[in-house]
Each structure stands twice: as C-alpha cells, then as structure tokens.
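What follows is one chain in structure tokens, specifically the form predicted on its own.
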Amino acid sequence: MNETAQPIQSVVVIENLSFSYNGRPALTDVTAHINHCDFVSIVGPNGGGKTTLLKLMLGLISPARGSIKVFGKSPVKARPEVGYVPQHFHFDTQFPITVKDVVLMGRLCNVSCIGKFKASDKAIAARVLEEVELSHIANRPFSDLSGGQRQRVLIARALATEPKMLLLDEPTAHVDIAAQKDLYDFLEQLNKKLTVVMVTHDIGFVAPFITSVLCVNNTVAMHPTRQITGQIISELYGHEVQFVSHDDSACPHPSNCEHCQSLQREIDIASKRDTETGGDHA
C-alpha cells in the first residue's frame, strides 16, 4: 500500500488581516502562512509593521479586519505554546535578580497561590540554562552579563515556557558580531525541533539559516530565501541599500572581515542548500 504524504502543518495562518493605530494603518490586507519548523526572518523599515505583526501573533492586539490563527487557535489561546524574546528588556541594574531568577519568569504561569515555584519548574529552568550553555552562571547577577549572555538568558526564559514556536524581536540588536554568529548557530539548532520567527535587519547575515523571508512594509510579501535579491530589499526599504562587500580594502573592520559577507553571496549559499535538499519551505 502506498503511503500518503502528510500535509505540511501550518503553525500561523493569516488571512486578509488589517490593523491600525488610531486610524493610521500599520498593516493592510496581510495574508501569510508559516509552517512547522520554518525559520522565518521578518524584515522591513522601521515603522513598517514588523513588531505589530509579532504582537498580533502573541494576541497582545487584535486585527481590525481579517483573521489570524496560531496552532489552529486564536493567538490568545495559543499563547502558552509560544515563546517570546522582546527587543528590549528593562530592569533595574541595582535589583539583585540572578540569571536563574530571570529564566524562572518563564514559569510564572505555574506559580502556586503562595508564590512558590514547583520543583518541576526549577528543573525546567535548570534544563534550559544547560541548553543555552549558561548553567555555570545560574546564580550570577543578570546585570553583570554581557549583551550576548543576556540574550541567551532571555531565550532561556522563553524556552522555559516549553514553546512550540519562538518569536524574537531583533535579538542581535545589542550584541557584537561574534555573539551574533553564536546566537544564530544556536537558533539553527533550536529550529530542528520548533518554529523560529525572527525580526532582523541583518538579512545577509542570517540568510544561510532561514527558510523564508517575510517582507513587511504595511503590506506583507513572503519569499523563499533563494528568491530574495538586492532589488527586492531596496524596494522594501524605499531606497538603495548598500550591502557589505567581501573586500579587505573596503572593509572598515579588516580583522573581522571573515564575517563580512555580501547579501547575494549568502543568498546563493542558501539557494544551493535548498536545491540540494529539494526544499522550498515557503
């Protein structure tokens, strides 16, 4: 008997969605699907609607028109299955909160009426700290960490919710190039078991890791990674975009030039990967 191919599971389904802030359109007539274990990069100019799209997926705001389903449910009902890493994490540097305390915040929904974490919550926090390779600093003050370490702790906090999808809003905005590479490598490993959706401006840098790109500027267009060109990105941002060239003479940081890859070179790598695996992903 011939086996029937299993249909691709849609994790996020957005149909004809529109949203406005005080009458000012932020997103208009958006339709997009994100599938299980996709690695999606959301790109676009500031104010184009990227963070608004994440908030809609989280159920923090509701569309004025159209619909959005996450794991076949309303975003509010699906929220326990979604981990979120915000762009900014505001905290008092004088407040004595440890790395372990921050990660345990991901288990707050399970805290008992007397305000104590269960042993199972502490075990989950310990496990995800080990997963992000920070268990050795579990008791260190969060304020003492580097930017890259803080981002890993915030990812651990999101993973402590035991999500099926991870949403990240510009996770590399405050980390150096070496930390960015480590973070993307880690997200690539996470993507083997869960869906990753990430807002970023570094499309050239993340191209080898992602399966598709959501171009957001009031409207939304979704492309397989290999279809993204410099012209598409320039049209998205509304002006010419200068991409980093792999040229020692032009590189302002020659000691780090191995990190300076052109957008097209990275896209060619991703395209070759898709061709070899036969994957379209979008």
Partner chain sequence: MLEFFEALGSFRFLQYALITGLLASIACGVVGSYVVTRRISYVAGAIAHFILGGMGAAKYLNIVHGWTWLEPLHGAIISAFAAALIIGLVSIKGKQREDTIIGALWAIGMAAGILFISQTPGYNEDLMSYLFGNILMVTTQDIWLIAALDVAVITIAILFYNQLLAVCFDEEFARLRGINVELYYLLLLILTAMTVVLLVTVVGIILVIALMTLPAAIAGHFTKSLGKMMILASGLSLLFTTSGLALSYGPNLPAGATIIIVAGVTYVVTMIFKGVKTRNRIVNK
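Keep in mind that this is a model prediction, so the values were computed, not measured. Positions refer to the first chain, counted from 1.
The following text describes the form predicted together with the partner chain, which does not appear among the structures shown.
When you look in the predicted bound form, the only residue of V132, M198, V82, A125 with a non-hydrogen atom within 4.5 Å of the partner chain is V82. Contact with the partner chain in the predicted bound form, defined as a heavy atom within 4.5 Å, holds for exactly one of Q180, N191, Q149, T98, namely T98. Not displayed here, the partner chain is approached by G106 to within 4.5 Å at the level of heavy atoms in the predicted bound form. For L58, a non-hydrogen atom is located within 4.5 Å of the partner chain in the predicted bound form, even though that partner is not displayed.
Contact check for N110: a heavy atom falls within 4.5 Å of the partner chain in the predicted bound form.
Shown alone here, F117 lies within 4.5 Å of the partner chain in the predicted bound form, counting heavy atoms only.
From the list 183-191, 170-178, 208-216, 84-92, the contact stretch for the partner chain in the predicted bound form under a 4.5 Å heavy atom rule is 84-92.
Counting a residue when any of its non-hydrogen atoms is within 4.5 Å of the partner chain in the predicted bound form, the hits in 128-144 run N139, P141, F142. Relative to this form, in the predicted bound form the C-alpha atoms of H88 and Q149 approach one another by 3 angstroms or more. Relative to this form, the distance between the C-alpha atoms of E170 and D92 is reduced by at least 3 angstroms in the predicted bound form.
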